[in-house]
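Given as structure tokens, the chain that follows is alone and in the form predicted alone.
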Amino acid sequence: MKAGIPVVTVNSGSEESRAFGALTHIGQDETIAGEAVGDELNGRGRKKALCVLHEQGNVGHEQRCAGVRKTFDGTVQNLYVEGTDMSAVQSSVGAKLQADPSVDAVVTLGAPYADTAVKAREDAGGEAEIATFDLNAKVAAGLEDGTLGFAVDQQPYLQGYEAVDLLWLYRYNADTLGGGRPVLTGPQIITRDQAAELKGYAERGTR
């Protein structure tokens, strides 16, 4: 900023972007994304959801779960796990599902944790639907075969692309995409219907 270099923030920190003087922010509003999950759970008739937070102190994660709680007609319980230890995550989620069979939905906050939640469900012998934020090839495969219910895609590739595109527009046309307000690239709810089409993009890292 002090050198006069245009700056665009990407992915995280939309609330702080303007305060730092950035042209705009490209990303997903985490609260809005959580609200979309709550709406989707309502549409699927779910009544009790477990929101698995794998990184304590991450404000974005807290916002996601709070967003789910805001729109979900059922109840939401936060479960804090040690995200750097997948075996511990699996044990914690499995233990919770065994202790409370009324939990009929598990929401993970990152694609790598979706498969771990599926394994925890198998350990517990339950039928809770697993949903996750973010998308990768394994999540797309899980959606396709039905082991996952749905995913929330924020399109990180598009975030990077649009950030560069915005800087180009600003450099040559003095235009600011979004009028200086955050440009949202999500959320988009991905279900089994879209999984096959998006699987190839996820495998190539362009979705």
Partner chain sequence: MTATAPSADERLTRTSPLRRLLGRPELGSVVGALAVFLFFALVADGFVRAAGLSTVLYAASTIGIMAVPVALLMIGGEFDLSAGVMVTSSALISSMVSYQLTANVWVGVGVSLLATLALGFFNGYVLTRTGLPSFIITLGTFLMLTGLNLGFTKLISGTVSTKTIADMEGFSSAKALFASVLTVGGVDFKVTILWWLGLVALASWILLRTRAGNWIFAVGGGKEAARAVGVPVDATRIGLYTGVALAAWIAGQHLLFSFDAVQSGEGVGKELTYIIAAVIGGCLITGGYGSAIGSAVGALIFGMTDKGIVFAEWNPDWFKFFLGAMLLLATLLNAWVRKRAEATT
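Numbering follows the first chain given and starts at 1. These numbers were taken from a predicted model, which means no experiment stands behind them.
This next part talks about the form predicted in complex with the partner chain, which is not shown.
J.: In the predicted bound form, does Thr71 have a heavy atom within 4.5 Å of the partner chain?
T.: Heavy-atom contact with the partner chain at 4.5 Å: absent for Thr71.
J.: With a 4.5 Å heavy atom cut-off, would you call Asn42 a contact of the partner chain in the predicted bound form?
T.: Asn42 lies outside the contact set for the partner chain.
J.: Report whether the minimum heavy atom distance between Ser87 and the partner chain in the predicted bound form is within 4.5 Å.
T.: Yes.
J.: Quick one: is Glu129 in contact with the partner chain in the predicted bound form, heavy atoms, 4.5 Å cut-off?
T.: Answer no; every heavy atom of Glu129 is more than 4.5 Å from the partner chain in the predicted bound form.
J.: Checking a candidate spot here: are Glu15, His25 and Gln63 all in contact with the partner chain in the predicted bound form (at least one heavy atom each within 4.5 Å)?
T.: None of them does, since no heavy atom lies within 4.5 Å of the partner.
J.: Can you list, in sequence order, the residues from 85-119 that come within 4.5 Å of the partner chain in the predicted bound form, counting heavy atoms only?
T.: Read in sequence order, the residues that approach the partner chain (within 4.5 Å, in the predicted bound form) are Asp85, Met86, Ser87, Ala88, Gln90, Ser91, Ser92, Ala95, Lys96, Gln98, Ala99, Asp100, Pro112, Asp115, Thr116, Lys119.
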